[in-house]
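Below sits a lone chain in structure tokens, taken as the form predicted alone.
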């Protein structure tokens, strides 16, 4: 058996020639189905269908949102591994996982496939995709870091901890909500559902644009049924 882990960016328009060739060589795509109206599953179906590849939708195990975060994620991943293992044992052949964005950045597909490879005779490889921070920078026509400086990529869950540690230029992903109180004078470049018909953008001083962003975020979620947003946050010079 073989697995191709394929980064597909933020939709069909971001599928590289390399990724397209790999996908056409697969027998099927394995994709998690989170609910009956899963917009991201629909996007994966569109990508796979454009290249003549079947999608095997696997009901996504629920994640315990009340439990300790790391323990809950570990349990969730284990349940996913077991579900995908059943499909692979039944079908064999060459399967693809289509990763939204790039597989290297805040995605667990590689970890899950590593665990599958410990249980099954699997060969696997990884093909890169356009990442959300790349697209955010392109949309806002900015460089993610100041001249000669770093950009710290983190999550909304860790934002306050990272600022307290001295980070002043942060690309923040995986936001359950926007917690920016006390940062009104920082600069913000924000985007949601990038590369999709429900894309939303905003930029400016946090204190000036936060209400606009909250409304745009709610609107993107209502229109798509889901929202994935990120932002670049930079301290005053």
Ligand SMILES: C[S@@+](CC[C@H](N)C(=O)[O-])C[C@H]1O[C@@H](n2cnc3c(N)ncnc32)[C@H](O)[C@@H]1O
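None of the values given here were measured: they were computed from a predicted structure. Numbering follows the first chain given and starts at 1.
We do not show the form predicted together with the named molecule, though everything after this point is about it.
Listed residues 194, 188, 29, 43 were compared with the named molecule in the predicted bound form; 194 is the one with a heavy atom within 4.5 Å. In the predicted bound form, residue 5 stays away from the named molecule, with no heavy atom inside 4.5 Å. The named molecule is not shown here, but in the predicted bound form it comes within 4.5 Å of a heavy atom of residue 100. A residue is said to contact a partner when one of its heavy atoms sits within 4.5 Å of a partner heavy atom; residue 132 meets this definition for the named molecule in the predicted bound form. At the 4.5 Å threshold, heavy atoms of residue 168 stay clear of the named molecule in the predicted bound form, well away from it.
Listed stretches are 103-111, 83-91, 70-78, 145-153; the contact stretch with the named molecule in the predicted bound form is 103-111, by a heavy atom cutoff of 4.5 Å. Residues of 212-237 lying near the named molecule in the predicted bound form, listed in sequence order, are 228, 229, 230, the criterion being any heavy atom within 4.5 Å.
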